[in-house]
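Presented below, as structure tokens, is a lone chain in the form predicted on its own.
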Amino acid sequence: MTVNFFRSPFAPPTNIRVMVDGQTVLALAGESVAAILLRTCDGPTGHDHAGRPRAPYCMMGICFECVAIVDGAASVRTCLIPARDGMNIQRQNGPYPLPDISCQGQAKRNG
């Protein structure tokens, strides 16, 4: 079952632009990033480690079903994050690899 979300015609006008999976989306400053994902993604907003579709559920930071990559930070609970102009949002599919913080990894990054 697919549920389509849209902005109410009575909502205040959009005033910022964010990027969702490389596409420019108009939004309202302060609107939750999860709400933007629900409105713009056709179907699930992400997948878990087993490939099962996921979407924001509780909208209060408890269920972790809304995690996404926001401005390069992975596993961000988007229901708790207000949108701001220029924000870069990517759906997160499965576990996000942790950065290599070992000495070898640091040496690799430093050349």
Partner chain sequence: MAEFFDLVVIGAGPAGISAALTASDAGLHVAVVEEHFSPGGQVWRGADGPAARMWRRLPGVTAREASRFLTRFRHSDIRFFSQARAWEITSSGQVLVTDVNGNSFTLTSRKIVLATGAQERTVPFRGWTLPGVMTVGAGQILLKSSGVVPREPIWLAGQGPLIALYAVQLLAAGGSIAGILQTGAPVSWVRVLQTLPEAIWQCPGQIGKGLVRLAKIRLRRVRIFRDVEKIEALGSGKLEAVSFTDRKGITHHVDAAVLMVHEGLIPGVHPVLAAGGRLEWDETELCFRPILDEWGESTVPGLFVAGDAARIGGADAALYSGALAALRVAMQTGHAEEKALARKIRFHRKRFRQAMALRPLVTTLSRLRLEQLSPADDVMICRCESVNAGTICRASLTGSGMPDQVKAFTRTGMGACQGRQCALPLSVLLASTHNKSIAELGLFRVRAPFKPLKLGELASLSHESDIQ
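This one's a predicted model, so the numbers in the text were calculated from it and none came from an experiment. Residue numbers count along the first chain shown, from 1.
Note that the form predicted in complex with the partner chain isn't included here; everything after this is about it.
Trainee: Are any of the heavy atoms in Met60 no more than 4.5 Å from a heavy atom of the partner chain in the predicted bound form?
Mentor: The answer is yes: Met60 has a heavy atom within 4.5 Å of the partner chain.
Trainee: Might Met19 be said to contact the partner chain in the predicted bound form, defining contact as any heavy atom within 4.5 Å?
Mentor: Residue-level check for Met19: no, no contact with the partner chain.
Trainee: Contact between Leu28 and the partner chain in the predicted bound form at 4.5 Å, heavy atoms?
Mentor: Yes, Leu28 is a contact residue.
Trainee: Even though the partner isn't displayed, in the predicted bound form is Pro82 close enough to the partner chain, meaning a heavy atom within 4.5 Å?
Mentor: Contact with the partner chain, yes.
Trainee: So which residues in 37 to 53, when you check the partner chain in the predicted bound form, have a heavy atom no farther than 4.5 Å from it?
Mentor: Those in contact are Leu38, Arg39, Asp42, Gly43, Pro44, Asp48, His49, Arg52, Pro53.
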